[in-house]
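Coming up is one lone chain in structure tokens, specifically the form predicted on its own.
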Amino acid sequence: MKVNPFITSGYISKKYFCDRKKEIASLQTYMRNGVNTTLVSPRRMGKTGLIHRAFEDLKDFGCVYVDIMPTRSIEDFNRLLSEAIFHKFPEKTSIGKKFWEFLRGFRPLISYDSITGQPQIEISYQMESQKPQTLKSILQFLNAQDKKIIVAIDEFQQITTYPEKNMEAILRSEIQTLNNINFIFCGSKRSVMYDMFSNAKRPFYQSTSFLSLEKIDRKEYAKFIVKQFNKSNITISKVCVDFILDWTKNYTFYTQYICNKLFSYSEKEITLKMVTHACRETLAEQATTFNQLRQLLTTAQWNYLIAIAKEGKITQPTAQNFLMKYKIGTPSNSKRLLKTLCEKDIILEQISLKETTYEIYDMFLYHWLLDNYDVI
């Protein structure tokens, strides 16, 4: 059975990974030289894949990846970090055996996921003070291993939402004592991440090197798409590739998704008609999700989303012509709506030296709004 070369989740190998040579080299250089790194990019730009791609070449390191987006507290953080360590170092390995013995001291409840078979860990605490102490112990365990350890913490900005308001200080205090672990702090909320690492009043101030992940070079992505189809004796024209990259605005996940769908058609030639069909089919699949989103937003918020979609991208949300065209109301009302939708990760704020822009975060939602709504 052929493997669909357009991966939409997880990571398989460098064979299915596109470009990012400079970013891979930067990450690996930082890690080999003991430099902690802050990696920032919008969601679905491919930062998780980049981390695993960089890890693939670091055979002499113990590379641990943990996504803390689902976490709500230091207790959740400890649990997911422990599970990530077990995932990297199974019980049959030397470090895995030692970690199992180490963890038994906390009397954890261990279960196994019925689908993945991966361990699920619950640690009971008698007192709140035990939680940061457990985190310290886990990090000290990793620090004591014979091989260099790298820990990538994805969606790192999530720790700012914990009820433990001193989580940044707790982590920073522990990390400063470690000499055998380096960290990659990844985040998708650019403004929060930059404030965490660039604000002199925050614990992580100037403690890392910065790496910002942008879109893959369009020419490189086009060559990658053609190459992956051709490997399976499928032809695709430049016109089709250009349409895909225009439609997805060159965002990694959305490009991979459409190409994955096209590959699944098992045709020997990709035509423009097939590409547009794949796009329409994708939007139809997402319709239920978008209608549910509609129910979660106020009418004003939904109409504001439509306005952003119709404009494609805005730089002046308080401009009079924008407010009047879409009946938004006052400049303060526009600011309030924009702030709420940015906080909900529905609108993406992009800040550069020249200007700040705002656009719909989800490219599928963007196209669905364009297709289903007229100008207000």
Ligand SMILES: Nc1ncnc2c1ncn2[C@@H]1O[C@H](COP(=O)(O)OP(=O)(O)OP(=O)(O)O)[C@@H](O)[C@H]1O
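Just so it is clear, the structure is predicted and the values come from calculations on it, not from any experiment. Counting begins at 1, following the sequence as shown.
Separately, the form predicted in complex with the named molecule exists; it is not shown, and the next lines address it.
Each of Thr8, Pro42 and Phe224 is positioned with at least one heavy atom within 4.5 Å of the named molecule in the model of the complex. Residues with any non-hydrogen atom within 4.5 angstroms of the named molecule in the model of the complex fall in just one of 113 to 121, 236 to 244, 294 to 302, 249 to 257: 249 to 257. Under a 4.5 angstroms non-hydrogen atom cutoff, the named molecule in the model of the complex lacks Cys279 among its neighbouring residues. Looking at Ser188, you'd find a heavy atom of it within 4.5 angstroms of the named molecule in the model of the complex. Among heavy atoms of Ile216, some come within 4.5 Å of the named molecule in the model of the complex. Taking non-hydrogen atoms only, Cys18 approaches the named molecule to within 4.5 angstroms in the model of the complex. Proximity to the named molecule in the model of the complex, taken as a non-hydrogen atom within 4.5 angstroms, holds for one residue of Asn36, Thr48, Thr340, Ser26, which is Thr48. The partner is absent here; in the model of the complex, the one residue of Glu174, Glu83, Glu164, Glu155 having a heavy atom within 4.5 Å of the named molecule is Glu155.
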